[in-house]
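For reference, the chain that follows is the form predicted alone, supplied as structure tokens.
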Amino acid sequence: MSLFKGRMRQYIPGHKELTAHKDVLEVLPGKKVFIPLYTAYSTTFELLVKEGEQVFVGTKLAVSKGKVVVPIYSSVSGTFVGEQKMMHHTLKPQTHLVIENDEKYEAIQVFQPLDYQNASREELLAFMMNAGIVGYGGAGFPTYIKYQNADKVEKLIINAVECEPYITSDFTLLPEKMDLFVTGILAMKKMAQALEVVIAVKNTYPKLIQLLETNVANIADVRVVGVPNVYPMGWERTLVYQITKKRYDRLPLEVGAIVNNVTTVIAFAHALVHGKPMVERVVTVSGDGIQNPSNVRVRIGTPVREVVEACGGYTSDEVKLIAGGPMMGKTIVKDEVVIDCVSNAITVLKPVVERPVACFRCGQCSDHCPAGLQPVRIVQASKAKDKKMMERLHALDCVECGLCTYVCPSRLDVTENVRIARRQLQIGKK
């Protein structure tokens, strides 16, 4: 029987019960942490510390150069010992700042807390930028940029959908940090001059919906909306259409919307209330390849290997290790990569041998593509090295959600082949 739930989306078993109702496991790093000198939108940085210099939790280590400002802060106290090139979860080597952890976790007051109620919109924007708030749901987009040109936004949409299988970090964090969450949405509402705040949650989480409704009941123009339990409902375009019934070309602001992830909201509120940047985050470590699936609270720069050990290790000698969820995450060869600010999950699965056969030309990949693309035709153009056809088919619009591979009856890795096409076009544009 087909599991098809409607055009461009699909029900996928979540396996969220593995971690959803467990206590968060605290994981402290070992002797060294490795802070990635990397963001998705900045490639060059000004280093603000010298080798041998003492640092504290919150010390500003570097700041990006250029128009996009992204500061990077230390997650531990200790000694800065230099730079090291390491593999990153983007599957490319990146420079990391190495800090010898003194295990004291002495923190400094990085900036003064800010009362959002008495602050101007411009003060909130500057604060968000200097606090280094980015999209903690996975994209890493500097959040202040979304609000720079916002003027009486119709809907500020808070994404609490968490549609990828296994991942429950937001689901776990929300009840724990509800006060900060409410502060964050009110501050962001003021920044966006939003007419309404909509908190989107899967309708399969009635208790969470009830908890949210209770906490925002007395706040004007804030409501909670249950959305269908389908994938990729948490993707920005899908969620905006679900809430507004409008489609846009490049940015949600075109249809009067701004979208922020739950963890981003809480991180901003934490900075406002405590005057401290985000130096740790909750990460879901789950799958049938890990002994003790858990949500863990871990410092930025902690090697994945140490997190896996804290969760009891692997269930077998051979596993598939994924940075992120199983649909959009990237398979990593070694567990020496580190947790960074956008690491919402580490998925560990037992390897499954697929036996692909020739394409049936059934059209399932096109029917289910949330971006409205024709993946098989993109793959054909890629193999023919026909860049004009790849452009005509809008290959760069693919978000690598993995749905085409998931629904393919021939068991072809369609997503990876479309990813190759995107790389061919991106290289050609450089």
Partner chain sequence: MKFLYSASPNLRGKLSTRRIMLELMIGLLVVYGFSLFYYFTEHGMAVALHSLILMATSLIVMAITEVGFAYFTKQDIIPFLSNSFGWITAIILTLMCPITITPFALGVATFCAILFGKLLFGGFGQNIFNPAALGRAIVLASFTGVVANVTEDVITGATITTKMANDFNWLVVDPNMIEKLMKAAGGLQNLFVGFYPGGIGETSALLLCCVGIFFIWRKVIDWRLPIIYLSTIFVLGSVIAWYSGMSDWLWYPLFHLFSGGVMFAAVFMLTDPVTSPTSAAGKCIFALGAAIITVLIRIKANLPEGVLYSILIMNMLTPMIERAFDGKQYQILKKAYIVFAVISALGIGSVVLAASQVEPAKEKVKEVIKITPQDEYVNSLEATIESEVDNGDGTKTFTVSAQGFAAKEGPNLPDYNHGFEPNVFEIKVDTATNKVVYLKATKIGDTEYLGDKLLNAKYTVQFEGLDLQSEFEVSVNDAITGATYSAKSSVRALLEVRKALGF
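Because the structure is predicted, anything quoted here is derived from the model rather than measured. Residue numbers count along the first chain shown, from 1. Basically, rigid core = biggest C-alpha set you can superpose within 1.5 Å across the two forms.
From this point on, the text means the form predicted together with the partner chain, which you will not see here.
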Legend entry - Every residue of Pro165, Gln374 and Thr405 near the partner chain in the model of the complex, heavy atom within 4.5 Å: yes
Legend entry - Single option in Ile322, Ala192, Ile133, Leu97 placed near the partner chain in the model of the complex, where near means a heavy atom within 4.5 Å: Ile322
Inset, instruction - Answer with one of Glu83, Glu123, Glu318, Asp221: the residue that has a non-hydrogen atom within 4.5 Å of the partner chain in the model of the complex. - result: Glu318
Inset, instruction - Give a yes/no on whether Met389 approaches the partner chain to within 4.5 Å in the model of the complex, heavy atoms considered. - result: yes
Inset, instruction - Please run the contact check for Leu174 against the partner chain in the model of the complex: heavy atoms, 4.5 angstroms, yes or no? - result: no
Inset, instruction - Although the partner chain is absent from this view, report whether Gln364 comes within 4.5 Å of it in the model of the complex, heavy atoms only. - result: yes
Inset, instruction - Examine Arg355 and determine whether its closest non-hydrogen atom to the partner chain in the model of the complex is within 4.5 angstroms. - result: yes
Inset, instruction - Could you tell me which of 324-332, 295-303, 133-141, 209-217 sits within 4.5 Å of the partner chain in the model of the complex, going by non-hydrogen atoms? - result: 324-332
Legend entry - Interface residues of 396-420 toward the partner chain, as seen in the model of the complex [heavy atoms, 4.5 Å]: Asp397, Gly402, Thr405, Tyr406, Cys408, Pro409, Ser410, Arg411, Leu412, Asp413, Thr415, Glu416, Arg419
Inset, instruction - Please say whether, between this form and the one not shown, the C-alpha of Glu400 moves by 2 Å or more once the core is aligned. - result: no
Inset, instruction - Note yes or no: does the Cα of Ser366 move by 2 Å or more between this form and the one not shown after the core is superposed? - result: no
Legend entry - Rigid core fit then Met390 CA moved by 2 Å or more between this form and the one not shown: yes
